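Before any questions on binding or motion, here is one chain by itself as structure tokens, the form predicted on its own.
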């Protein structure tokens, strides 16, 4: 039996992974993804586990290499979009990405910002980032995304300061809001570094 469910999670990897794992615990295994759709086939409840990885910072080659590496480890892997753009020829600048991934188009990594990774359930938690270095790198990636938004909002607030004070206040407020995840990710990085130092 198969079923199709329409959902959109954006770049929220944790919420998406929890939902996919809940579907798996109810006996649904992923077989296909679309812009807003997830297609499942029935399986034994809890047979598989899912993790979702943000890869929008990678170049096309590094994203493909990483996907191939995960598949080589025996995992099933799907690309997933983090936005709902349906245009052809779209170009996006990602200043927080690695050198080859800063400019993305619909022919490279645009609409392939996430990887959904499936493995057979062996009773252990499914973590793609197991070392302190991996976890710190993952958190820095997300911190840098939010830091880019924070910087852009504050710059816009400064630009509008003398022309449109209301717009300046709005952008300043957005800058402060987007600073919250930056601080939270940095705090997680600090804790992991501290624990890693204590273990050495």
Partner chain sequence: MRDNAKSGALTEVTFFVLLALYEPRHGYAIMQFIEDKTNGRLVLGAGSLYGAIDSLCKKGWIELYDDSDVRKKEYRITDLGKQIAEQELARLTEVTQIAEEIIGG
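Residue numbers count along the first chain shown, from 1. Remember, predicted model here, so these are calculated numbers, not experimental data.
Just so it is clear, the following notes concern the form predicted in complex with the partner chain, a form of the same protein that is not shown.
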*Could you tell me if all three of 62, 68 and 71 have a heavy atom no more than 4.5 Å from the partner chain in the predicted bound form?*
yes
*Give a yes or no for residue 37: in the predicted bound form, does one of its heavy atoms lie within 4.5 Å of a heavy atom belonging to the partner chain?*
no
*Would residue 133 sit within 4.5 Å of the partner chain in the predicted bound form, counting heavy atoms only?*
yes
*With the cut-off set at 4.5 Å between non-hydrogen atoms, does residue 120 touch the partner chain in the predicted bound form?*
no
*4.5 Å heavy atom contact, residue 76 to the partner chain in the predicted bound form*: no
*Hey, of 41 to 49, 23 to 31, 133 to 141, 160 to 168, which bit sits against the partner chain in the predicted bound form at 4.5 Å between non-hydrogen atoms?*
133 to 141
*Could you run down 166 to 199 and flag each residue that has a heavy atom within 4.5 Å of the partner chain in the predicted bound form?*
196
